[in-house]
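In structure tokens, the next block holds one chain alone, the form predicted on its own.
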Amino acid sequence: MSKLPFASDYMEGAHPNIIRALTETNLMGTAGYGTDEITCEARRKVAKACGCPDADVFFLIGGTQTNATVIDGFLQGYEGVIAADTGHIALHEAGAIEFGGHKVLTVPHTLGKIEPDVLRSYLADHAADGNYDHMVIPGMLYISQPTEFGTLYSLKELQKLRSICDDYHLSFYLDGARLAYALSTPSNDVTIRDIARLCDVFYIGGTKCGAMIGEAVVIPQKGRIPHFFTTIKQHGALLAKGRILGIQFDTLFTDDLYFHLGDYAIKAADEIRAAIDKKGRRQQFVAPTNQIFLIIDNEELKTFGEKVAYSFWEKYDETHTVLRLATSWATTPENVQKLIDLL
């Protein structure tokens, strides 16, 4: 028997609507590199959904390539990017940002989030340092929605971060690898139009949110980064058969599919969290989105791991481990019940 797929939210393939659209257009001959009509229509749909119809929209192949390309495209060679010390670009992208020539400047987090007061204090201290000109200059703020901890920034928090970025002349970048799950969370008060209004650049995650591959970068101010297409190619993030990405996002942004894609993932995660509480088990913390952080005895973990695909989060103490379990758009009620039974 194969393991229950709860290690991440990209274990399954693609939404059936996408598979159908890819199949129906499989033998269609189109121009390359995203210049085809389908991809152009996908750009229009994404920009319209974001409330900025004149925005630049680009489709890239994956999250790490997207982060490296965007950060390099926005920053000068002497600038770095601020991120939480638990941020994806700081921990889980194999130094891709530094490899591209930009230092990740880490600040303390609160359950994955950068608090506005922490950011302002960091920037004020940096500006007041007498060796300012000998240091990497902060040029961008990077956050993700949801965070690595599955937590969410509120609209008020994003507005405060935007204000600080304006005060210190920083670009504001939001990583939306799991954005569909944030948008489907009942406690969320941030819309995609809010993000487009407050951020200089953000990306809409496809790989973890129903697509086979691909992310959509949105730059609300048209022409903000000249020759960004060329920068994408330099970073190996440009797909020759660009229509493969365009078809997927055209499908995701038809009939508001993307905005409801995460609904069941959140419901399933809530069911699992409720079962954990009911059975007297412990969570390291409770996130509102599609990620669950379970504390489990190391001896029990050996048996549990034979039946469930999970992600290691961290060592809790000498006898316990924290696991991360993730639901997705494709999680089935049957697998949720099997997981609950194993608990």
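When you see a residue number, it is the position in the sequence shown, counting from 1. The structure presented is a predicted model; accordingly, all values stated were derived computationally and were not measured.
The same protein has a further form, the form predicted in complex with a further copy of the same chain, not shown here; the description that follows concerns it.
- Query: Looking at 123, 213, 107, 155, which has any heavy atom no more than 4.5 Å from a further copy of the same chain in the predicted complex?
  - Reply: Contact with a further copy of the same chain in the predicted complex is made by 213 alone.
- Using heavy atoms only and a 4.5 Å cut-off, determine which of 86, 159, 191, 207 is in contact with a further copy of the same chain in the predicted complex. It is 207 that has a heavy atom within 4.5 Å of the partner.
- Counting only heavy atoms and a 4.5 Å cutoff, which of 42 to 50, 296 to 304, 283 to 291, 65 to 73 contacts a further copy of the same chain in the predicted complex? The contacting stretch here is 65 to 73.
- Message: Please tell me whether any heavy atom belonging to residue 229 falls inside 4.5 Å of a heavy atom of a further copy of the same chain, as the geometry stands in the predicted complex.
- Response: Taking the distances in the predicted complex, the answer for residue 229 is yes, it comes within 4.5 Å of a further copy of the same chain.
- Query: Would residue 323 sit within 4.5 Å of a further copy of the same chain in the predicted complex, counting heavy atoms only?
  - Reply: Answer no; every heavy atom of residue 323 is more than 4.5 Å from a further copy of the same chain in the predicted complex.
- Item | Interface membership of residue 166, a further copy of the same chain in the predicted complex, 4.5 Å heavy atom rule | So residue 166 does not count as contacting a further copy of the same chain.
- May I ask you to state whether residue 61 is within 4.5 Å of a further copy of the same chain in the predicted complex, using heavy atom distances? Contact with a further copy of the same chain, yes.
- Message: Do any residues of 21 to 35 have a non-hydrogen atom within 4.5 angstroms of a further copy of the same chain in the predicted complex? If so, which ones, in sequence order?
- Response: Going through 21 to 35 in order - heavy atoms within 4.5 Å of a further copy of the same chain in the predicted complex - the hits are 22, 23, 26, 27, 28, 29, 30, 31, 32, 33.
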